[in-house]
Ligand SMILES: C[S@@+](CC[C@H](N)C(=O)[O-])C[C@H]1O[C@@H](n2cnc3c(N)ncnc32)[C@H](O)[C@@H]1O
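Read the single chain below, which is given as structure tokens and is the form predicted alone.
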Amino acid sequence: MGNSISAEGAMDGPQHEPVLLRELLEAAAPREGERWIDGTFGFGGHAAALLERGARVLAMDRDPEAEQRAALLQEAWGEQLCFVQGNFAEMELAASGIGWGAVDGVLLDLGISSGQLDDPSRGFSFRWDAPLDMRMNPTGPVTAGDLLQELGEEDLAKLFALVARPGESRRLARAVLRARERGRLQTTRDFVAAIGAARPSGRRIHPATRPFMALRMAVNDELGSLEKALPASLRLLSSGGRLAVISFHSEEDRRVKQFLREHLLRRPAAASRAEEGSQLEEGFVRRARFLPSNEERLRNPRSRSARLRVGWKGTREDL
């Protein structure tokens, strides 16, 4: 059976179901003729749903393998879908490259795709004894192994602070240094062993799950990319445009929440209206958060930690 991509996002299996798809479509309501940027194409489930609603989609992904999957979708949708390999932090350049000065929607599904997680050679999972790689773009300059070999205790502690309290992050950093000194930090299994020495078992999730996530986020500068992409999205969105971000980590979600709050337009007091002059301020006139349903959590375990935040762009005139 050949591979296929549909709105359900499946390529030879349900494991690639796009997270929070129903909530995204109901809240953001993509319409025929709109221009959308899907900054994290992955397996194409969200992009396919946008296309089925009649939108034109500029899809981006750091992973060159995503281009092959996008080609399958282009067979059905032709020029309605354009794929650009790259970091969504560069979405303005990508949009300009195809002649888009403004868009109606931006979607960012943060984290990694199921395909990346399920490929042992990429080193994103500790289910296998794999190389310490974790690069979303395999041609990137720095691997997870590089960071673990080069960073000192302070920087390692800062890295793990994303997923642990200060005392614990320091213990994790020291455990990595001990493993490094003994030459036992070459593969994912070595990293799990080092973490296990500093983090007790018996937790609800595997002790290495969150340190693995923190290391992956550092390798790919995921928070830095998000910090660049959020203001770029606001600049690109036309009035009435929607920014939709799906996050799986509390720090990512916190930054998205803070960005939407900082750029939320509020009705000015009567005394200050005269001082506004003719300048028309732009920002978000509304924002909302959505969680996966119980049914989705049971059907798709990856969705359990997911959060969708949507902001609707407008001007003060819309208030």
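Numbering starts at 1 and runs along the sequence shown. Since this is a predicted model, take the numbers as computed values, not measurements.
Just so you know, the form predicted together with the named molecule exists too; it's not on screen, but the next bit is about it.
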Q: Considering only heavy atoms, tell me if R297 and the named molecule come within 4.5 Å of each other in the predicted bound form.
A: no
Q. Does S169 reach the named molecule in the predicted bound form if we count a contact as any heavy atom within 4.5 Å?
A. no
**Q.** 4.5 angstroms heavy atom contact with the named molecule in the predicted bound form for M136
**A.** yes
Q. Would G45 show up as a contact with the named molecule in the predicted bound form if we use heavy atoms at 4.5 Å?
A. yes
Q: Using heavy atoms only and a 4.5 Å cut-off, decide whether all three of T40, D109 and S225 touch the named molecule in the predicted bound form.
A: yes
(Q) Which residue, G86, P207, G240, P131, is the contact with the named molecule in the predicted bound form, using a 4.5 Å heavy atom cutoff? (A) G86
Q) Tell me which of 259-267, 287-295, 55-63, 26-34 has residues with heavy atoms within 4.5 angstroms of the named molecule in the predicted bound form? A) 55-63
